[in-house]
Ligand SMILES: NC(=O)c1ccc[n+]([C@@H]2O[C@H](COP(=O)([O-])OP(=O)(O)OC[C@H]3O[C@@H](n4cnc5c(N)ncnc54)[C@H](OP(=O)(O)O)[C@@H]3O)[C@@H](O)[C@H]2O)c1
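Here you get one chain, nothing else, as structure tokens; it is the form predicted on its own.
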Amino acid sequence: MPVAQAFRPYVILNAAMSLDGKIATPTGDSRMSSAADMRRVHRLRASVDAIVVGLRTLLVDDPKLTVKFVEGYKPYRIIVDSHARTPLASYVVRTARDVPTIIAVTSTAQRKRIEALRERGVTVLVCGKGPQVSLTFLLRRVRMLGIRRMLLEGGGTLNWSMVSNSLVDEISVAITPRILGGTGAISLVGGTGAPRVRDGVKLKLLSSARYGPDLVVRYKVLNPGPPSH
């Protein structure tokens, strides 16, 4: 059932995946996009106010979450990190005074970890009292900061949490012409999944285009929670 959310950003889920739906190999290698698609991704980043990833993506990739090829854009970087485990040596923390960086935690996070992040220029938002960040609450908070459009570049767990809670409006996927396999490889979405096919999240195709060897398909998510305008 869609989450009633009157004030949140418009959320675009973007990913590159293999033909069999993997966004990383069993060893964690996720470099799939062609040079042409990478330029598309950075143009997309330049069109949003924030880029959000989960902790696992940060730990595996230590991403910059910045914009290349397009000058003058510095969207917020948002890390969903329930227990404030983001390493102080990570790129996003080391550059937090130059690029606005938010880490979303819960009230269970250690106070000393929160203070250490804040001392380095990170904005720490406490979003919920449970074991996991309340994504609905997080999106409401960042909308109050002026974030109207958000790019979700999460791993399978965060992607599923966002989609299944009706917090994604659009999905853009670059399909690379490879089959990766691997039972332990991460798929576009993970989590518990839909129990039946008819319970799956319904999509409507908006467009398709080739970027180098990659096929990029864009979908509108039907019946998401309404974003603010």
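Since this is a predicted model, take the numbers as computed values, not measurements. In this text, residue numbers run from 1 along the sequence as written.
The same protein also exists as the form predicted in complex with the named molecule; that form is not shown, yet it is the one meant from here on.
Partner contact region in the predicted bound form: 147-155, out of 147-155, 112-120, 95-103, 68-76, criterion any non-hydrogen atom within 4.5 Å of the named molecule.
Although the partner is absent from the chain shown here, none of S47, L139 and V168 has a heavy atom within 4.5 Å of the named molecule in the predicted bound form.
Checked against the named molecule in the predicted bound form, the candidates G181, P177, G28, G200 yield a single residue with a heavy atom inside 4.5 Å, and that residue is G28.
At a distance threshold of 4.5 angstroms between non-hydrogen atoms, S107 is out of contact with the named molecule in the predicted bound form. In the predicted bound form, at least one heavy atom of S161 sits within 4.5 Å of a heavy atom of the named molecule. Shown alone here, V60 lies within 4.5 Å of the named molecule in the predicted bound form, counting heavy atoms only. V11 falls outside the set of residues with a heavy atom inside 4.5 Å of the named molecule in the predicted bound form.
Residues of 20-34 lying near the named molecule in the predicted bound form, listed in sequence order, are I23, A24, G28, S30, M32, the criterion being any heavy atom within 4.5 Å.
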